[in-house]
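Here we start with a single chain on its own, the form predicted alone, put down as structure tokens.
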Amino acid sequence: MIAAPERLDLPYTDDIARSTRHLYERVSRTVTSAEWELYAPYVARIEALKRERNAVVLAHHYQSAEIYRCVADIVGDSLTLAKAAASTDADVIVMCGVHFMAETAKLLNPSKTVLLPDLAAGCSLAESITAEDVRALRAAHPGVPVVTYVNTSAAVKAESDVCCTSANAVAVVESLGVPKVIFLPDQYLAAFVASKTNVEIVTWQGHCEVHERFTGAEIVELREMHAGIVVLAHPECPPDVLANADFVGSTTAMLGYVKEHRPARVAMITECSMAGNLVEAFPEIEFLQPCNLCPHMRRITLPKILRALETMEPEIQIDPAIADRARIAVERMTLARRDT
């Protein structure tokens, strides 16, 4: 269930209108002027607090427009945000994403303060597997390395040899130079990787609650309703969706496709906000898609970001015994080349 929206009740003044006008231009096609009067006071206050705290805001592609285009300093997929977290010189990192992303940022910046505006912003994939599950898989497949999707807890990462994202999964698997790997936890991403490599893939039955709801039949119907549409699909989708897509890739790879090919009409088969955030940047492109929202991403709101910067909470903390081992797996991931 998507969290109920919070009240937006800071006053909208002439000074705020003037100081945020350039930011509203970034979202004016998707955010109404009435909505902006509610958002702008929070945006202005967040921008001021970022300077006071020496804070940086990282936002995933699935965040809403007023966050993604107005208060985020760095946007991207999980790999982009992981690398940004490792290189930032800010004292405070505010992760506008989900819990595992904030943990990843903390792993790579143990001395920095990492804030997640809502600790309940979780992930169905992360919740599908535990550290005990990984140890059991290792026992069942002795000597086989474990490649773990970044959508997992720090405890699971600590039991892994290397992490990956959907952007570099194939490259990471092949970089190990072994005939067989355990690939966790997304079953559909594992199947996609298996189709791109000769390495034998041992899978887990995890799924993304957003991507698993798309169907191949929806894609067929979409093509029938919208002639000439180009379909881009995330590899976390079921195989029948990928089979009916024109292009399969990570969120960043899909963005790259749009930038390079500029299709007149495109459907991005992933979380709805991805396409919504591209409308402003590509006004000449018509974005159409079946719409599934991530309830966890929707937990991050402007009031919660502001509260986090005001109170410096909720702060992400990781048991050092877990963090030391998990950090190795994440650092290996950030060194892998991007598979586009």
Ligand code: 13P
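Since the model is a prediction, treat every value here as computed from it, not as a measurement. From 1 onward, residues are counted along the sequence shown.
Keep in mind the form predicted in complex with this ligand is missing from the figure; the text below concerns it.
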The single option of 156, 116, 107, 101 touching this ligand in the predicted complex, heavy atom within 4.5 Å: 101
Answer range among 247-255, 173-181, 138-146, 192-200 for contact with this ligand, defined in the predicted complex as heavy atoms within 4.5 Å: 247-255
Within 4.5 Å of this ligand in the predicted complex, all of 152, 161 and 332 (non-hydrogen atom): no
Close approach of residue 42 to this ligand in the predicted complex, 4.5 Å, heavy atom: no
Residue 68: touches this ligand in the predicted complex, heavy atom cutoff 4.5 angstroms: no
Heavy atom of residue 304 within 4.5 Å of this ligand in the predicted complex: no
Contacts with this ligand in the predicted complex - residues in 226-241 whose heavy atoms fall within 4.5 Å: 234, 236
